[in-house]
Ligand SMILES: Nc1nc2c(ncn2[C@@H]2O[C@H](COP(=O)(O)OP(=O)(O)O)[C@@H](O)[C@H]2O)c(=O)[nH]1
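First, one chain by itself: the form predicted alone, in structure tokens.
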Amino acid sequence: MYLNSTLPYIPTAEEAIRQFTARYRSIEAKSPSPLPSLERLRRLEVARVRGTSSWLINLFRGIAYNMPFINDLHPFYRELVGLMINVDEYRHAVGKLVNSSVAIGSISRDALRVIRAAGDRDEIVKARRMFISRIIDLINDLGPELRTLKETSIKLSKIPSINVEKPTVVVAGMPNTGKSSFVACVSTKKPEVADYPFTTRQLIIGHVKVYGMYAVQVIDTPGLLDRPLSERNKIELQAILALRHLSDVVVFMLDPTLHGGCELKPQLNLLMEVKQSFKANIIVAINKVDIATGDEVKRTVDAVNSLNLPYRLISALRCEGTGELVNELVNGPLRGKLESYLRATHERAVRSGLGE
């Protein structure tokens, strides 16, 4: 599922009030011409109360039911949303919008009762004013909840669309080790690449074409620092979530040089943490071999060998060895899931008539 695919438009309280009053004025009621003017007014106000009440209930329910249900989300999205918003406030806002239909129904029934029993024009006008006033008060009371949901919708709309069923390569490592350059080499995505730490501030998704389809995701994660999980900030935790929930393979970037500002030891410490904490296959990409010295490369290779992990030598800046690495993953650890994904995609296409 794509989290931001069905997000509704959410008005502010002021916008909802303007829409409500405009709709109230626009509603007309058909009445036989011989009817006395009082009865024509009565029919008109009944139609307006019913029409605007129904519209408002549908508006608020539509917003609530088209916002994501947290418990139904894939664990990756559920935890990512929890990093971005106050989940308790969000659930309260959704619940209050759903429950507002009860209050709207009560206000509507009160107004209809007075309008139907009114003996003159003044009583009907008084009932109209009372109805409009109470509805406006109700919408204003929902103002904080509408604001919460609007802010939430804006945040959720910025989450990249990640297909949790698609074979996924997560690119991880410390800041400035070449992750974004690697993703730019092997996929459709051309992420921002700059020569300073923490260029990547969010998950960036690229797609690799396999057998004519964009069937593999490559996720560029924010740079991780070598410190305990409890001390990591929200940007780093996004990378942790991607590793935990999405990765079929982790390409861990190592920089054997000092050009990126990270010494080898803390990078190896982080590699060990990833190896111990996550079940995905790990392959180490020893990057920047175009500028590393022979001693730097040998020292890094020896360290990776001591961890009993496979590695490849690459230059992400020049895209050397990057395509070969991805091809190796496609024909190796990704092969089983890739074949299942392509088969399921084909079967869905046939069922929908697209494959005929």
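Given the structure is predicted, the values throughout are model-derived calculations rather than measurements. From 1 onward, residues are counted along the sequence shown.
Not pictured, yet referred to below: the form predicted together with the named molecule.
Judged by heavy atoms within 4.5 Å of the named molecule in the model of the complex, the contact stretch among the candidates 324 to 332, 56 to 64, 302 to 310, 284 to 292 is 284 to 292.
At the 4.5 Å threshold, heavy atoms of L317 reach the named molecule in the model of the complex. At a distance threshold of 4.5 angstroms between non-hydrogen atoms, S180 is in contact with the named molecule in the model of the complex.
Remark: N176 counts among the residues lining the named molecule in the model of the complex, judged by a heavy atom distance of 4.5 Å or less. Contact annotation for 55 to 88: no residue has a non-hydrogen atom within 4.5 angstroms of the named molecule in the model of the complex.
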